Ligand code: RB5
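Below, in structure tokens: the form predicted alone, a single chain.
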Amino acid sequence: MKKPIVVGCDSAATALKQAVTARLQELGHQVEDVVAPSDDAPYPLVAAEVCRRVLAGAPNARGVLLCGTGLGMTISANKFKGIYAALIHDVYSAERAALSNDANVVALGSRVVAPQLALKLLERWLELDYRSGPSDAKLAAVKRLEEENFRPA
């Protein structure tokens, strides 16, 4: 199923974002490109905008965050209630992000993952959807933690 996808990056991943956006569009996904407010915009601002758009989008909207390592983007994204961001770096982590963790956002590091692998990981993640099963209780626990620890602004 084709999904609306919001993509954003910091200055360390501009080339990777161009490749990712082009490939996702080739696959027929509706891609929304978040452009950083400036070349030196800190990654948390980009992550925040991507997450806001994912949360405001269609129920099956997904987000892709790109920076040097993917770590900072993942941390930033997980500050948003309703965002379940996973750092992916191999096929197994991409599969588990979807199947076990119901991740609606993934992050990749342009200095860690080669462009060809990044495209393969995103394609695999987007092919899969969470299936009810052994991870249900774990995800319910994550959502309970989210409810207990997120405070209204």
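Remember, it's a predicted structure, so these values are computed and weren't measured experimentally. Residue numbers run from 1 along the displayed sequence.
Only in words, not in the display: the form predicted together with the ligand, which the text now covers.
In the predicted complex, the ligand stays beyond 4.5 Å of every heavy atom belonging to Trp125. Using a 4.5 angstroms threshold between heavy atoms, Arg52 stays clear of the ligand in the predicted complex.
Although the partner is absent here, Ser100 sits far enough away that none of its heavy atoms falls within 4.5 Å of the ligand in the predicted complex.
Contact check for Ala12: a heavy atom falls within 4.5 Å of the ligand in the predicted complex. This chain is displayed without the ligand, yet in the predicted complex the stretch 62 to 70 from 115 to 123, 27 to 35, 62 to 70, 82 to 90 comes within 4.5 Å of it by heavy atoms. In the predicted complex, Arg111 is the single residue of 96 to 119 with at least one heavy atom within 4.5 Å of the ligand.
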